Structure formats: structure tokens, C-alpha cells
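Just one chain is shown here, as C-alpha cells, and it is the form predicted alone.
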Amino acid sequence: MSTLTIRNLAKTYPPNVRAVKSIDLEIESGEFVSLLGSSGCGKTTTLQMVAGFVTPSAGQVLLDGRDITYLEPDKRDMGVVFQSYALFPHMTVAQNVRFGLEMRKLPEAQIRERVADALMMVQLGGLDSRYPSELSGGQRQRVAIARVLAIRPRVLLLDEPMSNLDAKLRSEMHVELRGLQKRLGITTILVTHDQVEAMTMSDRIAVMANGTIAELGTPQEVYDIPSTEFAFNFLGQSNTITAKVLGHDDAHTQVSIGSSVIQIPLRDAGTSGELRLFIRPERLTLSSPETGIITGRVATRLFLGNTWTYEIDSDFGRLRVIKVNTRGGQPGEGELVGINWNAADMQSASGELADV
């Protein structure tokens, strides 16, 4: 287990393309951190600089305090699992797994032991004589992971390794890989554009935008209490509401939205003028019209099996509400409903990345 430190890491490509502007990140020993973002945000370039495949324009990469910024990739004691798996098609499973060990010139007895151990870790014992073409997508991915684990790296780097799997298998692999990482206690960085993947597997998530980290925290923190407007809109779904600040007291700020006046916690409010508020669709609840904080009329409803999604026209504008399917009666299109929420769930955030 190792502590990985990234300081002011940046990459600029000619003539002046800033793929990564500045990344600062401390990853604790045994921690699983995901770099989450859309295409072009700089997450893959960051991983490649950590791995040594791309030379930084500025900054440092340190492993347990040792500067490895300009070390060759094979000198960094890191294992990388690629999106394509990069298996040798003419080699068996065992031959693929032992390849890195042979390159390190380990004794044959030690190679055989490590190959067997790695295949058992990923539940592929008994498949050592098969070729990649004889394996399923999930099994090929496990071979790629076993090949990395066999060399026993201090840091595991995962470059969207599950993007080629179907949704069901990908979900199963999230659980398996996270369980394996916990058992081994290996420091891990995952690059992904899949929010569910990042939420499911990570101790912390670094949400990236425009070559920087826009949000950093546990999955619960970055989803429930993000500090930027970008994170509210990028992660999951969110209702955006424009309010006008009317005044403050010791604990709350009074705002007007349409013809409604409500109070929100003081920590979430601006000092004057307009304020943009955000609330997740699942944090809104429906009731009879007379018991709602506000009322609205159902414009559209969609049945998604485990949930219903409603689009409701209200004094706050068009609101989206997600309600768990309880098999009971559900309001229909055109019906008037009450809409409620907990005050703490309606939040404001910095708009500094709103244009990303």
C-alpha cells in the first residue's frame, strides 16, 4: 500500500492546448479514488502522467514522498488495466498473466505461484489453458486484472476498464473489483465517465472539468452537498430554480420564487439579488394539493419500473420529481398535486464552473 501525491500537475500540447491545467490530489494508502468527467476534461491525460506514459508540462507525481515524475513507466511499480484489456490473442490465460513476471526475470517457481494466486483472486482458476477468444468479455477483463495483480504493484491504475461490458455485467464487475481492491488494500485510481461506476466503487470522487478538479469528496458529499453549480448539473439530475433574495434573519434567508415566498438555510443564500437554487428530483415529494408547500400540475409521467418520473408545472417552473414505485395509486397527467421538500435539500452553489 502506498500514498500517491499529485502536485500542480499540468499538460499543455502545442500550440497552446491545455489538456490539464492544474491538478492537486493526495491519495491515501489503500484508497480508491475515481477521476470522473466527460470526454476532454483531462482525466485520461492525468492518469497517463501518473503512469508515466505522458510527460507533464509542470508539476510533480510522488509515491510515498519519492518524486517519480520523470521515471519510466516500468520503474514506477504501478499496474495499469486498459480499456481494451490489451491481451495477447496467441497466448493462453496463464501465458498472458505470466508475461510481466517473465519480463522481470522472476524464478520459474515464483512465477507459477503468482500466476495461480492471481487467477484465484479473480475467480479464473481452471481456465489457465484457454485463449482470450474462448473467454467472455468479463473473463477477459479479469485476465487483464490478474496480469496486473501478479506483478504486485504498489498502485493500481484503471483506465475505463469496464466500458466494453454490457450493463448487467458491468454492474456485477463493480462489486467484484471493489471487493478485490478492499481485500488487497491496494491504492487505486479509476478513470471513468460512468457516474454509477464512480459512485459504486470509490472512497472519494474527483469530478473533473476543463482540466481541473471541480469537486472532490466522498460519493455522498459530491452528490448531496456539492459546492459548484457544475457538479449539481453534472452528477445525477437536478432542478434549477431562480429565486430573488428578500432578506435574512439569524438562521434563514427569505426568497421569492414566482408568487411564492419561502425560507432556506442561511448558509445557502446570497446577500442580495438573484439566487440560483438546486434540488434533486428524488428529494421532492408529492401530496394532496392542500398539503403541499407549493402546488403544481402533472404535465408528464414516465414509468421506469422501480420509479416514476414526473414533470410538473408549478410556480417554480417545470420541476422533475422521481418517486419510488410502491405499487399504489399514482397521480395522473393533468392532476393537481402538492410538492414538498426538506429545507436543507434546497441548496445554492458557486456558479464558477456553470459554463463548462
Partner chain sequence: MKDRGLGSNGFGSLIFHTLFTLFIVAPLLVIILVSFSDKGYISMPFEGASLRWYWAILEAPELMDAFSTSIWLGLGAATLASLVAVPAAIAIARYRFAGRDGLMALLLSPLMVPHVVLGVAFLRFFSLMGWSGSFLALMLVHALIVVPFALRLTLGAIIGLSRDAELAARSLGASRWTAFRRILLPLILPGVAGGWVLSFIQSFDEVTMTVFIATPGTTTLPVALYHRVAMLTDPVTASVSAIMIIGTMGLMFILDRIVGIDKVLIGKK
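C-alpha atoms forming the largest set that superposes within 1.5 Å between two forms make up the rigid core. Bear in mind that the values here come from a model prediction, so they are computed numbers and not experimental data. Positions refer to the first chain, counted from 1.
Note that the form predicted together with its partner chain isn't included here; everything after this is about it.
Of the residues Val196, Met91, Leu246, Met120, just one reaches its partner chain in the model of the complex with a heavy atom at 4.5 Å or closer; this is Met91.
When its partner chain is considered in the model of the complex, only one residue from Leu177, Ala214, Val191, Met78 comes within 4.5 Å through any heavy atom, namely Met78.
Although the partner is absent from this view, Ala251 stays clear of its partner chain in the model of the complex, with no non-hydrogen atom inside 4.5 angstroms. Residue contact check for Thr200: none of its heavy atoms lie within 4.5 Å of its partner chain in the model of the complex. Using a 4.5 angstroms limit between non-hydrogen atoms, Ala167 is distant from its partner chain in the model of the complex.
With a 4.5 Å cutoff on heavy atoms, Tyr223 does not count as touching its partner chain in the model of the complex; it lies far away. Each of Glu72, Gly100 and Arg147 places at least one heavy atom within 4.5 Å of its partner chain in the model of the complex. Comment: 83-91 is the region of 275-283, 181-189, 111-119, 83-91 lying near its partner chain in the model of the complex, near meaning a non-hydrogen atom within 4.5 Å. With contact defined as any non-hydrogen atom lying within 4.5 angstroms of its partner chain in the model of the complex, the stretch 5-24 contains no contacting residue. Relative to the superposed rigid core, the position of the CA of Gly217 differs between this form and the one not shown by less than 2 Å. For Phe82, the Cα coordinates differ by under 2 angstroms between this form and the one not shown after the core has been superposed.
Relative to the superposed core, Pro132 undergoes a C-alpha shift of no less than 2 Å between this form and the one not shown.
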